[in-house]
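To begin, one chain is listed below as structure tokens, in the form predicted alone.
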């Protein structure tokens, strides 16, 4: 039996055991990427890239999503022509218990402080 070659529309993601703390922390150190993760954490389903209203150019948005995907923070899959994004919460919680919740809480508190200033 032969296997079909991988589709060019399949994006590479690290396996759970390949996700490194350093990469996750680097990915989440950027405010734009943290905003993406926060929105994904609040979403009930995967969101397309076009659903995010970010204060950066389209090419920079693409870069931010790639950093998040390559670090193992998000999963991206194509549905038709849309690239759908979902948070890899189960993987992150299994590898780094409490990390994602702590960072999301800290980010929201920081945002709230900035809104009051």
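Being a predicted model, the structure only gives us computed values, none of them experimental. Residue numbers count along the first chain shown, from 1.
Just so it is clear, the following notes concern the form predicted together with another copy of the chain, a form of the same protein that is not shown.
Heavy atoms within 4.5 Å of another copy of the chain in the predicted complex are found in one stretch of 66 to 74, 46 to 54, 28 to 36, 81 to 89, which is 28 to 36. Contact annotation: residue 99 falls within 4.5 Å of another copy of the chain in the predicted complex, judged by heavy atom distances. Using a 4.5 angstroms threshold between heavy atoms, residue 106 counts as touching another copy of the chain in the predicted complex.
Shown alone here, residue 9 lies farther than 4.5 Å from another copy of the chain in the predicted complex, counting heavy atoms only.
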